Structures are given as C-alpha cells and as structure tokens.
Ligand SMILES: Cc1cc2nc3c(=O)[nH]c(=O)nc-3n(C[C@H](O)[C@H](O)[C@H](O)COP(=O)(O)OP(=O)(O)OC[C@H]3O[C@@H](n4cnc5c(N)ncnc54)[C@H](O)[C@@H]3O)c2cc1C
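The chain below stands alone, shown as structure tokens; this is the form predicted alone.
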Amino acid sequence: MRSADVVICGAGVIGCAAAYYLAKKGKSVIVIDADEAIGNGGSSRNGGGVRQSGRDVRELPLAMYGIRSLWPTLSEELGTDVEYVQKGNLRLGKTEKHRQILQGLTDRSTACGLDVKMIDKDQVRQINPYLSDEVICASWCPTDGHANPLKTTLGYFRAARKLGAVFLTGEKVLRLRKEKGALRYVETDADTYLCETAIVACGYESRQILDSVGIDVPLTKDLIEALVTEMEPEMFPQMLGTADADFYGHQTRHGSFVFGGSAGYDRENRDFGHLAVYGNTAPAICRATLRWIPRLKDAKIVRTWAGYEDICADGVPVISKIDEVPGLIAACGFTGHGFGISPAVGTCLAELACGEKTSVDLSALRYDRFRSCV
C-alpha cells in the first residue's frame, strides 16, 4: 500500500495546480486519474478565458485574486509559457434585453471592487473595430484576458513532478474509505492509497466518488463544443463573450481563433464512450461567429472538439472541506468557469489541506450550502 500526505483524485488543471502548490509546501502528493493523458478533459477543452467580468459574485474573489497575484508571473513560476494575455474582455450585447443583463452583471461586479464598466457601440468599436454593426453595447473589463489551457495544465503538471509529486494515469478511483470516521484511504482499480487528506477534483465523476462516503454534490454534465481556425492576420487581443453566454472566443498568439457556442437546442449527449462532436454544432458556431465578427467569413476551420462541463446546481463550484468526513476536500462543479480561477483554486486547496487560512474567503462555496433547512 502506497501512502502520501495528500491524494488528489483528478489530474486536470485544478488537480495539477493543487499538486504543485502542495509540493511547494513540502507535502508528499499522489495524483490519480482514470485517463491515460494529463488534462484530457475540460482542462484541455475550454475557451481559455481568464476573466473576472460576468462571474457570479461568490466566485469573483477567486478570479480577482488570481489575476492580481498569480497569472501575471505564472509562466515564470512554472517554467512554461502559458500564453497569458491581459488585454481585456468585451461581453457583447445586441438588444435592450442584453443591455439589462450586462448592466446587472456590471453593477454586481463593481460592488465587489472590480474595474468593469458599460460602454456604448462607438466605444466598443474603438476597442475592437472588427465586430458587427449589430453590437450596441458591451461590458468592458480591461484586466481580463486569456491563456492556453493545455499549456497551463501541463505547466503545473511538470512543475509539480519536479517537486516530487507522483502522477498515476490510467487508474480509476473507485471509492473513498474512512477509518474511525475520518477519510484515510483512496481505492482504485489497481491499488489502495493511505493519506491524511484526499482532494476530489474529477469534474462530474466527483459525484460518484464522493457518494462512496455519503456526500452528494448536486452535479450534472453537459457536452460543449468549440472550433479552431487556421492562422489569420492579427486582428484583436481581447476575450469575447456575450450577454447570453452563448458564444465566446479569442485570437491566440499564433493567429488561430478559438470559438465556442451551441447549436441552440437541447439534445441527448450521445458520446458513445468518447468525446464525439456533432455535425450540426460546428456550423451553428460558425454562423454565430459571423454574426459577431463578419470579417471571418473566409476563415477555414482546422479542427473541432468536444468536452464535458460539470454543472453545479446553483452555478458555482464546491471548494470546501467536508465537515462530515474529516480529511476530505471537494473541488468540483466549476460549471465551465474553472480554468480562469485554477491558480487561485489550487492555492486555496493547498492551504485547506495544510490547515491554513485560505488566501480567498471560500465560505460562499462550502459544501454545506446544500444542506436542507429543518
């Protein structure tokens, strides 16, 4: 039986970040993932947004802390260029309803101290002249940006390994096990691991793992899709989003565009055991892209991809010690918002595991917010 101070279930960007910050504190760490590849889930299948604007105020402090204190020097710290760009975020609107949505998001964010403001169509075009004439307003946060999700995940992975963290891939976590009421064992399909603390950060699969010790985080999953264009001339550096959160995108440093969206209707996720894309979604994303950025009408698509979001019932993650099971920490339900806050979440998870005060107040993200009131 192998042992470590902390066993982390999940080798996505959250698990890898937590492993790095724990190893940096001198803790022994084992990270276990069912996939053969590191970050082969939502961590390598997202739009790369590093944003504060448009967030629920309960998770906004994590985003603000990360952008203020972690992202600017992350490439140097990890020894990997994570392609972090801090050139702002335009959240776009075309209708009066969109304006009302964006105004509400802006008002709630400014109340938390975020530098974000509403701008009109002329100001939008001063920032980004490539957008459709249909855009009548936007929220503008100049300190937002984007980064490369896969490079960030692998950067944390490599840096954690250099500090002694052990990563085990192709090994499925089956259950957790308690001893004298406290979490002590992580059982997989290959071995059992003894630990003082276990962190469960497996996306949607976290629900089944946590259920093995009687903990239920209300999660569902949703398959999202995105596409990548061939290299285009440099156009704009901002991250884009919309009032309805139905479209996002940015241009990467090497010229390709990454865009995501939906086909606009509900469908069954028929993935047949793998992350399959659908023939009708990429054309829908392309049509949406042209409605926002007509200049890209001749851009060629080089690949598309699909990945699952773990959706929490109230739209924000659980990042919390579990009082009912001492030694257990949950980090799941990121609802498509996890990448941008991953450095801050990893920092806080390491602090939680070490019994330290967290750098960000996580009280609004506790597991026990789902307890029934009697």
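These numbers come from a predicted model, not from an experiment. All residue numbers are counted from 1 along the displayed sequence.
The following text describes the form predicted together with this ligand, which does not appear among the structures shown.
What stretch, of 45-53, 62-70, 320-328, 22-30, brings heavy atoms to within 4.5 Å of this ligand in the predicted complex?
Contact-bearing stretch, as computed: 45-53.
Tell me, yes or no, whether Tyr248 is in contact with this ligand in the predicted complex, where a contact means a heavy atom of each within 4.5 Å.
Contact check for Tyr248: yes, within 4.5 Å of this ligand in the predicted complex.
Can you tell me if Ile224 lies within 4.5 angstroms of this ligand in the predicted complex, counting non-hydrogen atoms only?
Output for Ile224 is yes: heavy atoms within 4.5 Å of this ligand.
Ala18 versus this ligand, in the predicted complex: is there a non-hydrogen atom within 4.5 Å?
Flag for Ala18 set to no.
Would you classify Ala201 as touching this ligand in the predicted complex, given a 4.5 Å non-hydrogen atom cut-off?
Residue-level check for Ala201: yes, a contact with this ligand.
Only one of Glu171, Glu77, Asp115, Asp244 comes within 4.5 Å of this ligand in the predicted complex by heavy atoms, so just point that one out.
Contact residue from the list: Glu171.
Going through 1-38, which residues have a heavy atom within 4.5 Å of this ligand in the predicted complex? Please give them in sequence order.
The stretch 1-38, when checked against this ligand in the predicted complex, contributes Gly10, Ala11, Gly12, Val13, Ile14, Gly15, Ile32, Asp33, Ala34, Asp35 at the 4.5 Å heavy-atom cut-off.
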